[in-house]
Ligand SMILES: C[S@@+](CC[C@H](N)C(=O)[O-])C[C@H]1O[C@@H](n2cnc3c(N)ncnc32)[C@H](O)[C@@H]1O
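Presented below, as structure tokens, is a lone chain in the form predicted alone.
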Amino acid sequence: MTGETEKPFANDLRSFGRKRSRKPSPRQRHLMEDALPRLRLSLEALRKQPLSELFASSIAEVWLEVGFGGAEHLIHQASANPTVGLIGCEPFEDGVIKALTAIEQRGLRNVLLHPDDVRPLLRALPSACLSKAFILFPDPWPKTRHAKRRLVSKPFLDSLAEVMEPGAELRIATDIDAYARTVLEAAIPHPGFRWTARQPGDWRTPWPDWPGTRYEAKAHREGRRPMFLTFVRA
């Protein structure tokens, strides 16, 4: 990929797998070389300009999606909320290409992409700049020896809390029981977040504006029940 990157800190364990699956077609390569530089969120620019000024259209608030996969949810939210600036973070090249394709086809002006590890981005974002964040079906790292690579952890939530404004909403979806347990063990005692669930239906039912994703569909096909966890920045 073209564009700037920031090296992760030494304790930033890789929380995602491979970054590409196949050689891009000429059209896809054109998107990566032409569209991505225009839509990439510059970490250097973040240090010099207000975040709201980096979007091509006027925005009232900023949301972040970490690991947008096939970009269905990212594009849905950007289309439905034209005054919201969406930052989509995804290190997997195939997902970035899907997002670029949809952004170009729909002419969306309220989306910026960070095609890399989210943690350098979190360190570059200004404090209390996000009013909503999404982590949807993250890599579960199911093997015990790999569990330490799961993205959601106390240190990660520390970084996320720093860039979320008070009252901001954090949505996390997973279809893996062990990952849900990891999320709750990290988030419930965290002073920066409050779990909003009052009854089982609160985490078994998708959010009202949920469009569905291919990962959710795969979970249902394979007999797993997705969980939709909502937290509020304290």
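Predicted model only: the values in this text are computed from it and were never measured. Sequential numbering from 1, following the sequence displayed.
Omitted from view is the form predicted together with this ligand, to which the following refers.
Heavy atoms within 4.5 Å of this ligand in the model of the complex belong, among the stretches 109-117, 124-132, 158-166, 75-83, to residues of 109-117. When contacts are judged by a 4.5 Å heavy atom cut-off, H220 does not count as touching this ligand in the model of the complex. Proximity of G192 to this ligand in the model of the complex falls outside the 4.5 Å heavy atom cutoff. Contact check for A102: every heavy atom lies farther than 4.5 Å from this ligand in the model of the complex. Looking at R224, you'd find every heavy atom of it more than 4.5 angstroms from this ligand in the model of the complex. A heavy atom within 4.5 Å of this ligand in the model of the complex is found for one listed residue only; from V62, L170, V66, V183, this is V66.
No residues of 30-49 lie near this ligand in the model of the complex, the criterion being any heavy atom within 4.5 Å.
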